[in-house]
Each structure stands twice: as C-alpha cells, then as structure tokens.
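Next up: a single chain in structure tokens, the form predicted alone.
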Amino acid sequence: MKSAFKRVGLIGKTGDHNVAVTVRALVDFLERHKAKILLDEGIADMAPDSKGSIVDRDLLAMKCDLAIVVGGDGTLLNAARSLAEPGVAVLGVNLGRLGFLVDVSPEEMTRQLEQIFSGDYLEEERTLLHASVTRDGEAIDDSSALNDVTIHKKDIARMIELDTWIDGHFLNSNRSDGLIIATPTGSTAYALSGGGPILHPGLDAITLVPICPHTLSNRPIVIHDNAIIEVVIHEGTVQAQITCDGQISLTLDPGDRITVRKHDHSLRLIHPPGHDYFEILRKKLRWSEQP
C-alpha cells in the first residue's frame, strides 16, 4: 500500500541535541521514502543538508498531510493549537519525560514509521477547548487548548473567587486557588494532580477541577463536552490569570467573564499499531510497579 502521507512537516523542541539527532534521522527516512519535507523554521538548523522547505508554523499546517513532532508532550501541545484546524494528522516522537501524547520512542522510530507509512496505524480524534475572555462587554482575547484552560491566582498566596455557570445554569461560587477545565486528554495532566478523574480520550466529556478549594465539599465534576462553561471573576478579587495548556497566559481583572466551549475542530492523533491507552496509563503512572 502506498503511503497517504506525501507531505510531512517536522516540528521539534528547539535547543536540544537529542532532538537534532532524531530530526536528522527523520529527514533521512523521509527522503528515502520520497516524501516532501517541510521543516518548521524553529528547527531548520538541525538539518542543514535537508532538501526540505523551511516554512513557518502556519504554512506548515496548511501544506502537510502529516506532522511529526519531536520532543515531549509540551512540544506537541504547542503544535496542536495550529495543526488541529487544518486537519493535519500528528505523530509524536517522545524525547520528553512522561509522554502521554508522544508515544513513538526513538529506538523504535524507524520500524514504527515503516508500519505507519505502509498504512498500518491507528488514528483517533482528541477534543480541544476554545476559551474567550470578555471585559466590560468587549471580547479582549481568545485561545485554544488541547489539555486544559486554567483560571488561577496570580503572584500572591491568596484565594480568588469565581462564579461558574454551565449552559446558563448557575453551578457554584468557588473560593480557591483556581479552576482547571480539562479535556479527556488533559485529565492526566494538571487536573490529575488536582484530584480530578482520569477520562478516557474517547469520552465526550469535560472535567472541572477546583484547585485547593476552601470548601472541602467542592469536588471535581464531569460534564458533557457540548456544554458552554462561563466563569466570572468576583469583584474585589485579587488579580487572576487564565492559562491555556500551561503555555499561553492572560491577566484577568475582577468582573472579567471567561467562556469555555468545545473547539470546532479536533486533533487527528496518529499512533503506531498496537497502541493501548491503558498500557500507557500503567507505564506512565507506574501502576504495575511493586514496592
């Protein structure tokens, strides 16, 4: 079977020697398979002899069939926000720590790429969130997130106060260090450390996890991902912040309204054959280890 991936974009964590070695190996593999290579401009110096085109992230997202991301989950999270809307398939090579999303190891990379380029792979869709901020009735900013949208205190060890609505229905007032709104993908990230549940990535769900709530009965809640979540910062609250995937931040003022909903586009995530979500949980969370 001929590969469906004719134009392949390469994205990597910058300033990492191991990433550079892996990128060069990927370039060699792709050139052998006659694929057109698009190098993200941030890693162009890692493969100076490549015949590929050097492009910015937006053009890469528009032109490639497959994007291979080399690094850790953070590198893939950064790439996902620009790759989801054009519908680019994404494969992650793990040179980070945990690697819930980037599940191809450098040692197995060539063998697994051979399988993938012969058409033997698994594909799934991962939900993203879209967050927008309104101040005095005017939209001031918006962003997307694959893992989570987090509303949290800023710079001072003091609780903030939030009011939350779900589809127009009042949920609660929350005095805490903040609130994590997470996708199933993000349920194994910050939300997990906050005591939230692990959601299988195939679920149509979002979880809301309070961060260190003052009222101990304020527990995580799971809702359908078609719901519209609105959070308002209490008047008199110290300055707060909204963060998407731990990477994009915006300062919030009292009275600001944050609206979070399911993104119109999902991420196409590619896995090598044999991918098993529960095996990844056991391995990454060390469930199978004996004391």
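Not measured: the values here are computed from a predicted model. Note that residue numbering follows the sequence shown and begins at 1.
What follows is about the form predicted together with another copy of the chain, which we do not show.
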| request: Run the contact test on F170, L281 and R286 with a 4.5 Å heavy atom cut-off to another copy of the chain in the model of the complex and return yes or no. | output: yes
| query | With the partner removed from view, which of 66-74, 47-55, 218-226, 30-38 is the stretch that lies within 4.5 Å of another copy of the chain in the model of the complex, judged by heavy atom distances? | reply | 218-226
| query | Q112: heavy atom within 4.5 Å of another copy of the chain in the model of the complex? | reply | no
| task | Look up in the model of the complex whether N174 has a non-hydrogen atom within 4.5 angstroms of another copy of the chain, and give yes or no. | result | yes
| query | Does another copy of the chain come within 4.5 Å of any heavy atom of I140 in the model of the complex? | reply | no
| Is there any non-hydrogen atom of T243 lying within 4.5 Å of another copy of the chain in the model of the complex? | yes
| remark: Answer key: of E107, E123, D136, D204, within 4.5 Å of another copy of the chain in the model of the complex (heavy atoms) is D204
| query | Going by heavy atoms, what in 189-223 lies within 4.5 angstroms of another copy of the chain in the model of the complex? | reply | Y190, L192, S193, G194, G195, G196, P197, I198, L199, H200, G202, L203, D204, A205, I211, C212, P213, H214, T215, L216, S217, N218, R219, P220, I221, V222, I223
| query | Do L98 and Y121 move together or apart in the model of the complex, judged by C-alpha distance changing 3 Å or more? | reply | closer
| request: Compare the CA separation of G196 and L98 in the model of the complex with the one in the displayed structure, and answer closer or farther (the difference is at least 3 Å). | output: farther
